[in-house]
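The chain below stands alone and is given as structure tokens, in the form predicted on its own.
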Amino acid sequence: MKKNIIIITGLLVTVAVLFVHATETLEEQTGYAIGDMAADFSLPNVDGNKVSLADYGTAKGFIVVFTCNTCPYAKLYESRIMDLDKKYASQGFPVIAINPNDISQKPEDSMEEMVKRSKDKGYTFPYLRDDSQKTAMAYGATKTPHVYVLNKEGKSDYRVAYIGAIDDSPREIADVREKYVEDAIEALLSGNSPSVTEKRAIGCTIKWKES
């Protein structure tokens, strides 16, 4: 009897592992992949205006970050996102932050609360509200934060050059050893392709609307 229980338990664990792996694989296969062209969007900003990639005529690319007010990981990365904009906006790679969370589940992610946070923290970048969640779904974003580095080609083509985490230490800046987003942008500014193009995003799951 005990042997049968052990066998059944082992089978259940195997099935669970396979299910998690299948879920992660499916997650990776949705949305944009490296090399894809990202479509433009038009989303409301905390300043009351709508923002599109096309608004940035002189940009060389973008750091598109799906983030929010409420996720502990988003809060831990907040200052690093601000630093990315301060460092790279002037070099042609501005940050565009997008909050896709369903406000029925996270009321603190409403536009009103976004306005307050952007003012309190002194955001230097747009903070956009993706109420329909169509932009997040198109990109394939699953976490907050989840970064997509876009490289502009021609007048209105935006090729995905990097997807994933900002760096390798979600908790302590002092522990950061690999700066994935910075390295990707430095490579693009030098006319090269990033050596690392994907790293799994670490954060809270996006709160999707119930269908």
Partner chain sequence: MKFILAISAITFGLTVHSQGISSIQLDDLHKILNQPTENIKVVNFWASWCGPCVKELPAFGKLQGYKNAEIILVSLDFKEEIEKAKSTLKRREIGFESYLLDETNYDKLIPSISEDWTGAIPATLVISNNQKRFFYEKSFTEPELLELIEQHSK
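What you see is a predicted model; the values in this text were computed from it and never measured. Numbering follows the first chain given and starts at 1.
Another form exists, predicted in complex with its partner chain; not displayed. Remarks below refer to it.
Heavy atoms within 4.5 Å of its partner chain in the predicted complex are found in exactly one of 49 to 57, 162 to 170, 181 to 189, 34 to 42, that being 162 to 170.
Residue 143 belongs to the set of residues with a heavy atom inside 4.5 Å of its partner chain in the predicted complex. Contact annotation: residue 92 falls outside 4.5 Å of its partner chain in the predicted complex, judged by heavy atom distances.
Contact annotation for residue 107: none of its heavy atoms lies within 4.5 Å of its partner chain in the predicted complex.
Proximity of residue 82 to its partner chain in the predicted complex falls outside the 4.5 Å heavy atom cutoff. Shown here without its partner chain, the chain has no residue in 86 to 100 lying with a heavy atom within 4.5 Å of that partner in the predicted complex.
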